[in-house]
Structure formats: C-alpha cells, structure tokens
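Here you get one chain, nothing else, as structure tokens; it is the form predicted on its own.
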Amino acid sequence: MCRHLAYLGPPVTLAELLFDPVYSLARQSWAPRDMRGGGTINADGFGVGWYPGDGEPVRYRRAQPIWSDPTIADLAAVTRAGAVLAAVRSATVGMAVLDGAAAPFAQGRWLFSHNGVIRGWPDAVVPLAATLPVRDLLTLDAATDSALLWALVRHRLRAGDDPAEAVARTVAEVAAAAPGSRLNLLLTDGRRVVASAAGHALSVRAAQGSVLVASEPHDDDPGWRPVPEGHLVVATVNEVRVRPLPTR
C-alpha cells in the first residue's frame, strides 16, 4: 500500500521527518516494517506538503521512488516547517504511476493522503462517485482510488462538515460499498490532523508541544502509541483524541 505521516509542532527540517530517523519515511519506501499484507515496498512515487507560513501549503510530488530523486534530499535539508504531510506510494496493480497520483492531494489549506485500497475498484464505488459534481470527477488528479477518496472528503468539507466527520463518514460509506477495503486516511490544514485506522497500522507520538501521526513509528521512542483498528485520531499540538469510527 503506502506509508504516510503528518507533523505539527515547532519548525523542523523536512529531513528530520523524511530521512534522518532510523526508520524514516525514506527507509519505509524500501524497507517498511508493517505493511499488513499490502505490498512489499513503496516505490511508485512520493510527495511532501508543508506550510511555509500561515497561507496555503507547498507541495513536491514525483512518480519515482524517493531514493532515486536527485532533488528531494537537498530540498529537505534546507526547508523548515511546523506543519508537514508526506507519503511514499505503493500503487495498486493497474493504477497509474504518475506525479499526480502521489499524495498529498491538496486544495486551499487542506492536504490529504490515503494508505490502502478500495476493493472492487472502480465498480464498487460507482454509486458514491455519482454523488459528486461532474467537474470534480473530470478534474481528479489521477484515475485512482486515493484521488476519488480525496474528492469524497473534499466534497464534505465544502458542504461544511467538520473535518473529523468528513473523514469518518467517508470511511464508513466506502467500507459499506466496498467491504474489505483498507482506508487509512490522513488530513491536515496545518493546524490539526485527522487520521483513520481502518485496515492498516497507525501510530501517534505527542511530546514537547508537537504531534506526529504516522503509518509506523520512525524510531524506537517509547512515546509512540498504536491507534486501535477502527478508530479515528483528531490531533493538535495540545491534544490527541481517539474515538471509534462510525458504522453505517
């Protein structure tokens, strides 16, 4: 599947999140420790989004493995941010491998990532896709399950849903339409993080005015806590709340 993380806290270099830890996101691209039966490596692209200030985020996405990109390590060493979302991708068989298929997806202040797969794609979710505005379907970043999930979450956000509800209800609807799907979603606006644990591992570490939500711990710090399967995380630098995901 994929690996992803979101960080909020004092500004750090991107390298401190992507490359420096012993089990960094870059290492997880070729040696993940907990894929839960979904693939072996994450070599089908990567992306990172960060907030340089109070405005909208900046993104860097590529369709190649993170270890083969000649720019990202240099960029990460000199770029600092207090809010970051990053991912490495393992594409589902048959889905496109191109820059636009790599997370994070974005609109306005929002950044989004998906770790998992929609079972029975695309037929299983045709009824859900039909509820979206046609323009949203015509402007998907890529013809992938992750891009459609982002469109579904974004549609709820535009309608005024609370971010936690937008993620939770999207997971519930897709799980009902496509049983057996893996739906670890990750959403941030640079001030809060919302994440679901639905079919894949997820962990949280909160310490010293920061919070890190990640597919798997990137070091052996004892502060990491696993998120129970079927739960939703809502986190800021001051508080981490975990609650069960709804069922339809």
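The model shown is predicted, which means the values in this text are computed figures rather than measured ones. Numbers for residues come from their place in the sequence shown, where the first is 1.
Omitted here: the form predicted together with glutamine. The next part is about that form.
Stretch-level contact check against glutamine in the predicted bound form with heavy atoms at 4.5 Å: of 68 to 76, 82 to 90, 164 to 172, 128 to 136, the positive one is 82 to 90. Contact between residue 95 and glutamine in the predicted bound form is found at the 4.5 Å heavy atom cutoff.
Taking the partner from the other structure, glutamine in the predicted bound form has no heavy atom within 4.5 Å of any heavy atom of residue 141. Contact check for 8, 188 and 213: none of the three has a heavy atom within 4.5 Å of glutamine in the predicted bound form. Of the residues in 47 to 75, none comes within 4.5 Å of glutamine in the predicted bound form through any heavy atom.
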